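Below sits a lone chain in structure tokens, taken as the form predicted on its own.
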Amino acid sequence: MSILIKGVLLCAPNKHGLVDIYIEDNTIVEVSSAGKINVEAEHVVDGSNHIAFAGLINAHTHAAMTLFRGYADDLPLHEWLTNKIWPLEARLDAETVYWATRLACIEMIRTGTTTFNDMYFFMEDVAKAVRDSGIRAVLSYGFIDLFDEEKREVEIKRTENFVRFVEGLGCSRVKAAVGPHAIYTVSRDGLIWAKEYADEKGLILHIHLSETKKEVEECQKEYGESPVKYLDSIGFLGKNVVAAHAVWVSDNDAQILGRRGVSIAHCPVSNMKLGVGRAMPYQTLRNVGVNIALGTDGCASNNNLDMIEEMKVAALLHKMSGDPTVLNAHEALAMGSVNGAIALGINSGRIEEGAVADIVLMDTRSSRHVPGYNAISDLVYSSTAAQIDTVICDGRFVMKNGVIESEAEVLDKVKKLAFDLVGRESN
């Protein structure tokens, strides 16, 4: 397939201007000033009155938790997990996870996300849902051994089986990762195995890290050091690690993360909603060279997968430090796009020649884009996902003129499955 987008306003960190974008197969072949590309293309898109930005990258989520949207709100994190979420998750099955992930993919497409980094269960069915949706994902089975040797061996087998499954799936948009859940759910031996296996296979390591003060205090009590120092002491940290949250990290922790090349998936909306007690130390981490991406977390703790909302909230949260220059709109857009691509090791997150063609078109014929002094400021601070009308992932339309195939079927299916799961009927 070939696509020519004509006369669109490019909206990228520190780049702007009217351009033509030419796509062949799944690759951006040329980006030139508007009117400069003269080729025959199978699809020609009029980009006037639109901005184009790279498909957003959700660096940490649990896609199938769309099932739990609004189910257990306004609770402390550990009570929320142990009393509400984990008991319901124990009742999940493969079919339910497949359709819940399909729903998540539709929501992500509508909100401009073309790639997500996911950790959950029934991951073979998550992989099938991603394949069928047309978008891109890095997927890890949620490895939880609860410090039990027998369970650890089961989790190792499940992880290896899932990696083999993805290798045999034959879909370049789906990549496997290794997902040890957290230091409080995975043993030292489990963490070391995960690190060694990920390094051997060249895979991303996806883990929750220092999300709450309680997690840090319990680690100090058990091991005499912070979660970051503990992971560093066992050789876990490295450039292939994507650590979600990193809220309760010290200056010394930040230095370690920077030296090891760890990427952080910042999840401000989820952290605020769960009341984790402070903001991730953005400026400290950035100053020591940590790559900071952006994630929504799951719908149970965020209630949506809207990365446009996430960019704005991130920027506003850190300005509460008293410095309105912290985390400007350009940085927020980079966190939601190219920084996520760096974290996941994928050739996406930017509209440049040679990058994969993951592109979002947003209609600017809205009061939110008038007068239109600064396209990036308008995107981050003014826009809503409702203005997105076309999304291209891997050189294919996954939404065109506001239409996503099979959307109504997916929504109806998930409603039924969700109410069946919680054992009550819809109103």
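Keep in mind that what you see is a predicted model, and the values were worked out from it rather than measured. Heads up: residue numbers just count along the shown sequence, starting at 1.
Keep in mind the form predicted together with a further copy of the same chain is missing from the figure; the text below concerns it.
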property: Contacting member of Ala182, Ala355, Leu81, Leu317, with respect to a further copy of the same chain in the predicted complex [4.5 Å, heavy atom]; result: Leu317
property: In the predicted complex, the residue from Gly238, Gly289, Pro324, Pro87 that sits within 4.5 Å of a further copy of the same chain by heavy atoms; result: Pro324
property: Residue contact check: Leu103 to a further copy of the same chain in the predicted complex, 4.5 Å heavy atom; result: yes
property: Heavy atom of Lys15 within 4.5 Å of a further copy of the same chain in the predicted complex; result: no
property: 4.5 Å heavy atom contact, His62 to a further copy of the same chain in the predicted complex; result: no
property: Contact of Arg365 with a further copy of the same chain in the predicted complex (heavy atom, 4.5 Å); result: yes
property: Every residue of Leu67, Lys273 and Leu411 near a further copy of the same chain in the predicted complex, heavy atom within 4.5 Å; result: yes
property: Contact stretch among 343-351, 113-121, 70-78, 257-265 - heavy atom within 4.5 Å of a further copy of the same chain in the predicted complex; result: 70-78
property: Stretch 377-398 - residues with a heavy atom within 4.5 Å of a further copy of the same chain in the predicted complex; result: Ser377, Asp378, Tyr381, Ser382, Thr384, Ala385, Ala386
